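As structure tokens, one chain now follows by itself in the form predicted alone.
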């Protein structure tokens, strides 16, 4: 038996059949329980652990349908529309789902109905039933009012009003029920009776394209699994081609016979329908896994889902053999894909820019495959960039010899090396963004692009002007040009 603290007292949060047979009940205080059973053995309830375990059970049930939702703290709702025939029928898929959960040591109650609320009510009060289309209302009318799963006050009020079953409520005008008990009761009643259906919200969004294969016997040979995955990729790519789109994010799900699910995620820099490229990335990803893909006693099923797509037009090859700009971009994307698959999402970066004049906030890097926006200013033809792509996190002080009041450096010493300035451009005066906190006290900066005798180019700035009575000017190195 598990206990938790509620309303200042230790109460029973969960119990087994033996404890229930001894008269213990959910919600009873621990003191009352010990009065009934002095030798009571208890443990602490772990709501977070239970939630994680329920999510694990939801993942293992995705072998039957990708539409799996949680119901409360201990329930799962599976939308098996169009899936039952793959397992031999509704009764067979129900038995298979319960058997898969039993491998985790979970006792289950299940039912199948046309609406989620009806199935949930039948699972608790008519367990094992399969309600055919149109039968929900007749079967639901026999259920007690507790099947509506309302709060204790509403259930008590319904009982005091003389309502014992859903049949007592079914023929009452919905407006009268809403006026007395609220809109929620009438809606739930309509759904349990099968009069109204509302789709579930699955834990994971339904993929745009999906292909899967179930094995009659668990398959453990990795090469056979990858060969099957390649055939599934071909099916998925053909489906993408008919829509004129390509995949940007893919997910391969390996359903192990013991209920564990392993997922391999692949992202690409550009939309693709290339099966060979996807399989190369998948193999690289599997080889780079910190936790190897262990088949254990084998895998029961394999699924490939396309999670994100973008428009993809066919490439037109050039007759002269030259590569087009699109082909060059695709070659770069293939390189990025391989690097990401081998070294990880965060290891491959690209330069990004923000729409701001503040150098410290204007540039930076982000994962190449991230959706971070970039608003690079257009460069003048034949002109170098006005600022470096990357800056030092903290500007580094330099010793400068310069004419005054606003001349560029003549020479400067940085990291104990003296640099003679041959060319210089500036100043570019940059003031703090006045609307940000603390900007009013920050001094303006004069930036210069300078080039030394060896052709190295630097971005330096002077903080404050010569002759400033408040403080002497200081010089800093802020970035390097490539």
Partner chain sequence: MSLSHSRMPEGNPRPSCLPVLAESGLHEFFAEHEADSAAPGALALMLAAGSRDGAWLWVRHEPQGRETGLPYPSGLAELGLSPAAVLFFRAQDVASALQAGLEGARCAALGAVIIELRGEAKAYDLVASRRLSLAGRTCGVPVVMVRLGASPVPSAAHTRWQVRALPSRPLAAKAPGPPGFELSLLRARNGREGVLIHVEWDRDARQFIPRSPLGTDLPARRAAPVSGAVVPVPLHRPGAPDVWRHAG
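Numbering follows the first chain given and starts at 1. Being a predicted model, the structure only gives us computed values, none of them experimental. For clarity, a rigid core is taken as the largest C-alpha set superposing within 1.5 Å between two forms.
The following text describes the form predicted together with the partner chain, which does not appear among the structures shown.
### Query
So, in the model of the complex, is residue 461 in contact with the partner chain at a 4.5 angstroms heavy atom limit?
Judged by the heavy-atom cut-off of 4.5 Å, residue 461 is well away from the partner chain in the model of the complex.
### Task
Flag residue 347 as yes or no: does it have a non-hydrogen atom within 4.5 angstroms of any non-hydrogen atom of the partner chain in the model of the complex?
The answer is yes: residue 347 has a heavy atom within 4.5 Å of the partner chain.
### Query
According to a 4.5 angstroms non-hydrogen atom cut-off, is residue 342 in contact with the partner chain in the model of the complex?
Yes, residue 342 sits close enough to the partner chain in the model of the complex that at least one of its heavy atoms falls within 4.5 Å.
### Task
Report yes if any heavy atom of residue 387 sits within 4.5 Å of a heavy atom of the partner chain in the model of the complex; otherwise report no.
Although the partner chain is absent here, residue 387 would touch it in the model of the complex, with heavy atoms inside 4.5 Å.
### Task
Please determine, with the chain shown alone, which of 451-459, 33-41, 52-60, 65-73 has non-hydrogen atoms within 4.5 Å of the partner chain in the model of the complex.
Selected range: 451-459.
### Message
Can you pick out, from 28, 423, 45, 442, the residue that has a heavy atom within 4.5 Å of the partner chain in the model of the complex?
### Response
Selected residue: 423.
### Query
Just one of 181, 254, 163, 368 has a heavy atom within 4.5 angstroms of the partner chain in the model of the complex, so which one?
Going through each option in turn, the one that passes is 368.
### Message
For the partner chain, considered in the model of the complex: do all three of 22, 102 and 104 come within 4.5 Å of it, counting heavy atoms only?
### Response
Not a single residue of the candidate spot has a heavy atom within 4.5 Å of the partner chain in the model of the complex.
### Message
Pick out the residues of 64-103 whose heavy atoms come within 4.5 Å of the partner chain in the model of the complex.
### Response
Contacting residues: none.
### Message
How about residue 50 - superposed on the rigid core, does its CA move between the shown form and the other one by 2 Å or more?
### Response
Moves: no, less than 2 Å.
### Query
So, does residue 248 move by 2 Å or more at the CA between the shown form and the other one, with the core held fixed?
No; residue 248 is a residue whose C-alpha shifts by less than 2 Å between the shown form and the other one when the cores are overlaid.
### Query
Is there a C-alpha shift of 2 Å or more at residue 128 between the shown form and the other one once the rigid core is superposed?
The answer is no, as the C-alpha of residue 128 shifts between the shown form and the other one by less than 2 Å after core alignment.
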